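There is one chain below, alone, in structure tokens, taken in the form predicted on its own.
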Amino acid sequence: MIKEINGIKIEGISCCVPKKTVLNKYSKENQHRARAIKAIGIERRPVANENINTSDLVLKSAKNILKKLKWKVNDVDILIFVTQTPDYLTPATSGILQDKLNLKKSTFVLDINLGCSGYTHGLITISSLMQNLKLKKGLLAVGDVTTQLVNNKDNVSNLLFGDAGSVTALLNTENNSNKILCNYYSDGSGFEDIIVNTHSLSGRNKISKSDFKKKKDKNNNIRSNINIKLNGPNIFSFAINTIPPTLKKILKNVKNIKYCFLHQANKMIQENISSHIKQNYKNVIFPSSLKNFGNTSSASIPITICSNFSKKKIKGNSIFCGFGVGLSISTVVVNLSKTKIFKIIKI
């Protein structure tokens, strides 16, 4: 069922990536690696060094968007941070960001643990809270440094992930002409298909001491590098069997949709979904950022928006579709024709 959130407008979108870029290289002798790179469609990826945490990327994005929109920090009423790679297990990173941004202490702050569908889940959450609590201005921060979860011997994940952070500024206009349409879906039976094992009370999936590669951030804080595990065939099946029907339902019920911004999982999934949709909706455009940024987890949709539209307007309505870890899906329909899209910055 498509639900409606009224009065909330996306004012701007800002993104930040690390300066370091890693190329997905292969030799003529390694045909297996060459085929893998061609299939996932990723040529280069921004990769954070050990001194860059997710909050660093988000903080840079937040300062940039506040400056560009000329927002005063005291006017921000809510900050939600969506990530799978927080600075610490506890406390929540959103509180740290509140302090570093000098936001007022009455600002509502919250962390959400989610990856692939994190941007769209985050938009639904922050928009709902702003509408119901009558909050005027909000910041949705999303981002991950997923490369720090990748085992160096994992030949698939080592080609797939990029690191990025993003901040979206939202304004409660209390004008019902500004609408956000949304729906969502969860299937927890597939929780093991994208997983970072730590520990469980039952004793299953415990990590060994060798899985904890301890390192220090720039503040001399210890962080743990725990490996991410992906079940590629299951993820592919989930995406191609559940996303097209979800999108077709929206396209049938919502007019004037020109763009569909998918979570940037990999080229095979992107092409499969878009080919299904274009059978009935030939004019829908599917922008991509995979080639130069890889799979940037919760930041992949804003990265795709900023990398394609920082110099031109987005006409018509747009669908955002996040899907993956959980397993989960969420979609949001918005009009970005008056949204300020900023050039991606680097640290």
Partner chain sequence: MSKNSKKILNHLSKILEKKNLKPTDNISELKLFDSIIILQIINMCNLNFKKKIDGLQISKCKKIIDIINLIEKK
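Numbering follows the first chain given and starts at 1. Note that the coordinates shown come from a computational prediction; the quantities given were computed from them, not determined experimentally.
Beyond the structure shown, there is the form predicted in complex with the partner chain, which is absent from this document and is the topic of what follows.
No residue of the trio Ile2, Asn175 and Leu181 has any heavy atom within 4.5 Å of the partner chain in the predicted bound form. Phe236 is the sole member of Phe108, Tyr185, Trp71, Phe236 with a non-hydrogen atom within 4.5 Å of the partner chain in the predicted bound form. Proximity to the partner chain in the predicted bound form, defined as a heavy atom within 4.5 Å, holds among Leu66, Ile319, Ile314, Ala36 only for Ala36. Contact annotation for Met268: at least one heavy atom lies within 4.5 Å of the partner chain in the predicted bound form.
A residue is said to contact a partner when one of its heavy atoms sits within 4.5 Å of a partner heavy atom; Ile195 fails this definition for the partner chain in the predicted bound form, lying far away. Although the partner is absent here, Val254 is not a contact residue: none of its heavy atoms lies within 4.5 angstroms of the partner chain in the predicted bound form. Taking the partner from the other structure, the partner chain in the predicted bound form has a heavy atom within 4.5 Å of a heavy atom of Ile240. Looking at 94-102, 74-82, 271-279, 166-174, the stretch with residues near the partner chain in the predicted bound form, meaning non-hydrogen atoms within 4.5 angstroms, turns out to be 271-279.
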